[in-house]
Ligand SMILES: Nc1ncnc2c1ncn2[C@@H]1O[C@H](COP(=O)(O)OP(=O)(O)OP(=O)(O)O)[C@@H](O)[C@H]1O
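Next up: just one chain, as structure tokens, the form predicted on its own.
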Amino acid sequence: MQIQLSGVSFIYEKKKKKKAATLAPTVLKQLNLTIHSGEMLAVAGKSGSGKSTFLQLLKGFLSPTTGSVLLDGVDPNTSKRPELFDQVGFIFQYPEHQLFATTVFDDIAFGLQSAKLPGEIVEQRVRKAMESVELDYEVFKDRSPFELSGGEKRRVAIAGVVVLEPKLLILDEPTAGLDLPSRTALFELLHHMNKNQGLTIIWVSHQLDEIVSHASRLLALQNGVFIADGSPEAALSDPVLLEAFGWEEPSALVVSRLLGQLGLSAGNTKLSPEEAAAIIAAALNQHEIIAK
């Protein structure tokens, strides 16, 4: 799915007091942006920068004050086709807090059952959704979602959105509260869905190393305006941008640059921790051989 924002601004309604009306701030300002199908796109910015408002416009929870949001060339707001926003899946922060059913199957199937789809179709699509998030259907379908680990709960919540077969998946800080193994497994899952299902992934993150490792594109939002749009490696090594946000350069970029200066990284500017460790270990081993 391709999304285009053209001249999009958003202002919350004015709040009237007894004696005077207060001017509501402009949250987003004249945004022009194209998100291409199949991207892995991260959105970063300080609290109050407009990130949540931006995501809600993409999902149709909010309508722009001015400008348009096009889904594959169609504006659901002006064309009076709000059902087009059903193609956009939205995962809230801590989605496991929204789990409610007595079994994993019923939680994932809720949207399909509400649409009164035949039972066999519901089962097929729940199976497929569980497979896509790597939850074994027979093992998990009858379990209570409240008895699962944090990472498993998050997978169930994602399956409950994936089962509706969206073309775009939006996640608001998806790794918040997860330990390292669960964060790693979650992004393996997101990359799998992006690559094998062609699902466009957009997520908000405050973790710069996470962005460098997993995003193909970074949008940096400040005071309702995107002040950076492009390669995470380029943006997050830019001292002007880092100073504007009060960020420190991600350790992955620092290590990659230092290894490059030593002639050890073969030009790779975005080494994973495992790759960097392997290069350092090989260099130390070579040094020991020469020393002997």
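Because the structure is a prediction, the values reported are computed rather than measured. Residue indices: 1-based, along the sequence shown.
Absent from the display: the form predicted in complex with the named molecule. The rest refers to it.
> Sort through E96, E152, E210, E173 and report the residue having a heavy atom within 4.5 Å of the named molecule in the predicted complex.
The residue in contact is E173.
> Name the single residue among S231, S52, S68, S237 that comes within 4.5 Å of the named molecule in the predicted complex, judging by heavy atoms.
Checked against the cut-off, the match is S52.
> Given that the partner is absent here, does H206 sit within 4.5 Å of the named molecule in the predicted complex, heavy atoms only?
Although the named molecule is absent here, H206 would touch it in the predicted complex, with heavy atoms inside 4.5 Å.
> Can Q261 be called a contact residue for the named molecule in the predicted complex at 4.5 Å between heavy atoms?
Close contact is absent here: in the predicted complex, Q261 is far from the named molecule, nothing within 4.5 Å, heavy atoms only.
> Do L241 and the named molecule share at least one heavy atom pair within 4.5 Å in the predicted complex?
L241 lies outside the contact set for the named molecule.
> Going by a heavy atom distance of 4.5 Å, is V27 a contact of the named molecule in the predicted complex?
V27: contacts the named molecule in the predicted complex.
> For the stretch 122-161, which residues lie within 4.5 Å of the named molecule in the predicted complex by non-hydrogen atom distance?
Nothing in the stretch sits within 4.5 Å of the partner.
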